[in-house]
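A single chain comes next, written as structure tokens; it is the form predicted on its own.
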Amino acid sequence: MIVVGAINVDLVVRAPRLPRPGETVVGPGVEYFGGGKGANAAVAASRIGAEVALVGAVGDDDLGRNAIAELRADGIDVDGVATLPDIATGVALIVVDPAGENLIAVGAGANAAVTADRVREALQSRLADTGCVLVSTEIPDDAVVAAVETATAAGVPCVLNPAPVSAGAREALGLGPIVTPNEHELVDLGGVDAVLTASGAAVIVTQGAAGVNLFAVGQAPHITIPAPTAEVRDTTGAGDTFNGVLAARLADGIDLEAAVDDAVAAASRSVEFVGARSGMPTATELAAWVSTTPRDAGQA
């Protein structure tokens, strides 16, 4: 499978509460983690057993070199990641409260220089052996559209994670990807009926502790897949875990509902660990965790 999206370094402060506008909160220190929705999803997919190629960009700096090294260590093909001079690697500034909720601000850096032409070139050379393309939207709009358009034109299943919702995400809906908004992003896209009409494909609405709702054209009612109970420590990266595992399972050729089920379980397991990637499970770890974890509509 191929992931097209952002590569960041996450700087995380664990604070007693999330700051209000204009307020300063103080935590005990700063932690550094690999991040970016594209890179995170690629790691989640690789750990679950997929062969993953990542398309994106980093700066020619220490943060970028370390990010590439970490991705290689997770078994990811980074030949499609450009190293760009005179631009910084993307950085996310994250504050996490004791309940695991977070606030995130992202400096795009090299991610803002991912071009449509580079995306098309990287995909066209790899699509013949690809079972699914996952696209996230922390990159320029024309690159998002190019990724979805190239995948769907080749008949390769494509998952679009519209986080954040952008003009590119709205335009790409009409190309027919599976769409995976959370509840807030769904509102920004105009609601489930609007997204279903635009894409003609499934819409999977993630709802955190409540699991997901799966909508499909001509299917009524929707399917609700609850999340296993988990002890929440950090929700950063849970959505990326969901999308990476979903795309990995679709690339394996399993049916959509089963793929969503695995993705929900993996995302739930991930929130028990601090850091976007720390809790992303291997297939063995996920199976063991699911076997001992009840599944209902809420999390502890």
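Note that the structure is predicted; figures quoted are calculated from it, not measured. Numbers for residues come from their place in the sequence shown, where the first is 1.
Not on display, but discussed next: the form predicted in complex with a small molecule.
*asked:* Would you classify I87 as touching the small molecule in the predicted bound form, given a 4.5 Å non-hydrogen atom cut-off?
replied: Residue-level check for I87: no, no contact with the small molecule.
_How about N40 - does it come within 4.5 Å of the small molecule in the predicted bound form, if we only consider non-hydrogen atoms?_
Yes.
*Closest heavy atom of V192 to the small molecule in the predicted bound form, within 4.5 Å or not?*
The answer is no: V192 has no heavy atom within 4.5 Å of the small molecule.
*asked:* I'd like to know whether T236 contacts the small molecule in the predicted bound form, with contact meaning heavy atoms within 4.5 angstroms.
replied: The answer is yes: T236 has a heavy atom within 4.5 Å of the small molecule.
*Of the residues L186, A92, A122, I76, which one places a heavy atom within 4.5 Å of the small molecule in the predicted bound form?*
Going through each option in turn, the one that passes is A92.
*Identify which of I104, V217, A99, A112 has a heavy atom within 4.5 Å of the small molecule in the predicted bound form; exactly one of them does.*
Only one listed residue qualifies here, and that residue is I104.
*Would you point out which of 259-267, 32-40, 64-72, 51-59 contains residues with a non-hydrogen atom within 4.5 Å of the small molecule in the predicted bound form?*
It is the stretch 32-40.
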